[in-house]
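Included below are C-alpha cells for two forms of one protein chain, each presented in isolation as structure 1 and structure 2.
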Structure 1
Amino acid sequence: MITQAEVSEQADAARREQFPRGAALTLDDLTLAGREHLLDELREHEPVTWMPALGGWLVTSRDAAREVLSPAAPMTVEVEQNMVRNSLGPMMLTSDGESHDAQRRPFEAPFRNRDIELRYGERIAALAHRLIDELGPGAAAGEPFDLGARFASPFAVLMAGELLGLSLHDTERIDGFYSDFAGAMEYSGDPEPMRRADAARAELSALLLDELAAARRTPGHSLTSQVANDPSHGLSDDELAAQLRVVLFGAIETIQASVMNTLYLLAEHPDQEAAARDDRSLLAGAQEEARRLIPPVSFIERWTAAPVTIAGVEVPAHEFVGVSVLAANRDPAHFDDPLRFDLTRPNASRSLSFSFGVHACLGLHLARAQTTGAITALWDRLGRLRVLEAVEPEGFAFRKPAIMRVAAER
C-alpha cells in the first residue's frame, strides 16, 4: 500500500495557474446533470488537468484515459485513500499484481463470452417475465410504475443471486446495501456515507459468509459453491466474501443503470426506439450507445506508482489520477458527433464504460445479455414504455435516473 502524496501550497498554486479550467471545476461539475459541457470544454483545452477539488489530476480525453488504465502504465489502486476500497473493502478491484490475479481468477470462467446466452438466456428471460407478472394486470393496461424500484432493481439483485447461487430474496435490503456503498464513493468529506457503508459491509459480509458455509454443507453447481469447495485458489472465506461483494456490486449497480439508461435514451429518441422495437437486433447497439453516453460507472480512480507523463503532462509519483469515463466517452477524436444518440454507431462498444486493462469489468458479456433480455421482455409484454416522470441521469461515480416512472403504451 502507498500513501497519496501531499502537494505543497507552492506546487498547488503553480498547477492552478497552469491549469485554470481544472482549477475552476467543482465536484458538482462532475456530478450534476446539465454540466457535462464543462467536461467537453475541459477536454478540448486541458485533457489532463489539475483539479484541486479532487485533490488530484483529472483525465477527460479517451487516449489519455487509456494511457492511465493500460496495464503498462505505472499506476496502482493499492492506496489507503482509494474510495472504492474504503467503501467495499480490500478485494480484486483494489489490488494489483499477483494478489489481484489470485482474487479474480476463481470468478473468471463463468463470465466468459463463449456460452453466456446459452447458459443464462432462458433464466434471464424467465426472471424478467416473472417480475412483469408481479407488476400486475394494471401495468399492461397502462398503470404507471417506478421502473427502478419495481423492475430494474429486483431484476438486477435476483439475477445476481441466481447466477452466483446466493439467497438474495430480500431485494430491497440488498439494494440498500449497494446504495450505501455507492453513496460512500465520493470526495465530499462527509463521514456519514462512510459510516453507512461500513455498517452495510459488515451486514452483507455476515450474509455472504453464511452462504459460503451453506454451499459447503450442500454443494451445487453455482459459482459460489464452486469457489467455496475448491481449496486450490488459496483464498480465505473473508477473501471470498470480499470478491462476492464486488461481483455483486457490478452485477447490481451496472445492470440497473444499463436497463434504465437505455430505455431513458430510447424514449428521448422515439424514431430509434421504434426501429429497435421492430428489429430487436438493434437493441445491442442501443445499449452500447446508452452506456457510452450515460456510463453506469462514470469515474475511475488510479494513483501513480512512479513519475509518469500522461498526454504530455508530467505527474509525480504517489498522486491521484481520476478518469472521467463520461468525458472520455464523448471525445470527438474517437466518436463522430459524440453528443448524438445513434443506436447504429459502429464504434459505440469502444467506449470505456466497462473500463480497460486488468481491472476491466468481469461481467461485461453477461451485462449485455441481461440488458437485452430485460428490455426485450418489457417490450414483448407491455409494448412501448412512455416515460411519465424522470430525473435526468446524474451522479459522480455512478450515473442513472434517480426516479423513472413509466407506463405501458400499446
Structure 2
Amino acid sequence: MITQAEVSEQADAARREQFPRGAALTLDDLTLAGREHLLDELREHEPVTWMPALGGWLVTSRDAAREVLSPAAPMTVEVEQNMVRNSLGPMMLTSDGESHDAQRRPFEAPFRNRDIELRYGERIAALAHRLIDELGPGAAAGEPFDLGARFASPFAVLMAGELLGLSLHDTERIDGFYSDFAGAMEYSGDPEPMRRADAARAELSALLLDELAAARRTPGHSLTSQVANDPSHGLSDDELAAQLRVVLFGAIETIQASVMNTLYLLAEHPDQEAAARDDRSLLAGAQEEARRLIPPVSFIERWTAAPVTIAGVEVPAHEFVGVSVLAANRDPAHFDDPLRFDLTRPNASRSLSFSFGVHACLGLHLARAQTTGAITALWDRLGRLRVLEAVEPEGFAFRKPAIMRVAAER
C-alpha cells in the first residue's frame, strides 16, 4: 500500500477512537472469503469509517457510496497515489472533469447496446464455441476441465484482442501486458513492477498506433477501426491509444470473473440454475444478481479534492476514500434479504458493480453480452456443469474463484 495522506498522530488517534471497528479492520478483511460479515457490521455501525490499514476512509453503505461516486462530489482520480494512473497512464478512468469527458466521448457510440449486439453478438458466440471445441471431445463426455484457465480467461483475452483489432499473435501477448499492468497497481516499494508496466505501456501503445494507421487504410470491424475512422473524435492517436489500453485492461479479469461467479452461484442454487437453463431469458437476471452478490470489481478508489461530508462524516481534502462495492451491494436498506441469491430480484441491476457517475463502466453492455454468450454456449454444448472443485470467490480489487474445476454432467 502506498502512503495516502500525512495524518498527524493526534488526528489518527482521534479517528481511531471515533471509528473503532474501522481501526481494527485489516486488508485481509477486505480480501478473503468468509469475512464479509465484518463489512455488514461496519455498514451498520460505521458506514463511513477511518481505516488505518488502508491509509484512508472506507465506505460500506450504498447511499454513502453513491455520495462518493456522484458527479457532484468533490472527488478526484488525478493524484500521484493513483496506482492505476501510474501503471496504465492518464486516460479516461484516471482523469477528471472535461478532460475525462473529452477522452470518453468518442467511445460512447461504439459501446451502445444496439451496436454491441450487432457488431459483436456473433463474434462472441463463435469465440465461445471455438474454445469449447478446443476443450476436445472428452469435455462433452464429462472430462473435467479448469473453467478459468481453459475457458473464461482465454475467452476474455481473445475477445479483448478482437475488440482492439489485434492479430492473434499479438493477442497472445495481451495476457502478459495485463499482468504487467496489474503487477504495478500494488505498491510494494520494489521499482521493478513499475518498470515492467512502463515497458508494457510502450509496447502495447506501439501496437495500437500501428493498428490505428492500418485501420485507416483498411477499415475493419474493430473498435480501434471505428474510432480511427471517426473524424469527430478530436483526440490525437496517442490519446486514442491510451483509451484503448484501459479498454483492454477493463475487459479481462472482469469478464472472467463475471462468467465464473455467475456459474459458481448458479451451481450453489441448482433449482435456479435449472430454471435458467430451461428459460434462457432468466440468464440476464442471474448474471446481474451474481454481479451484485460477488462483484467482479469489489473496490473503487477516489481522493477528496476538497473537504466533504459523506453520510455525516467530515473528510478533509486530499485524503483517500475507498468504496467497498461488495458491502454496498449487500446493503439491506436497498436489497431485501441481501445475502439471498435470487435471479428474479427486481432491483439487482441497481447494484454498484458497474460503478456510478462519470466513470460508470463504458463496457457494461458488452460485458452483459459476453457473459450471456459464454454461458449459453457452455450450456448448449456441454449441458449442466458440475463443480468438482472450487475455491470461494475472493480478492481485494477483483473478486473471483481462484480455482474452479468443472465437468459436464453425464
Ligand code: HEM
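In this text, rigid core is short for the largest set of C-alphas that superpose within 1.5 Å between two forms. One-based numbering along structure 1's sequence throughout. The model shown is predicted, which means the values in this text are computed figures rather than measured ones.
Each structure shows the same chain on its own, and structure 2 is the form predicted together with this ligand.
In a rigid-core overlay of the protein, I255 has its C-alpha displaced by under 2 Å between the two structures. In the core-superposed comparison between the two structures, the C-alpha atom of H318 has shifted by less than 2 angstroms.
With the core held fixed between the two structures, G176 has its Cα displaced by at least 2 Å.
Relative to the superposed core, R196 moves its CA by 5.6 Å between the two structures.
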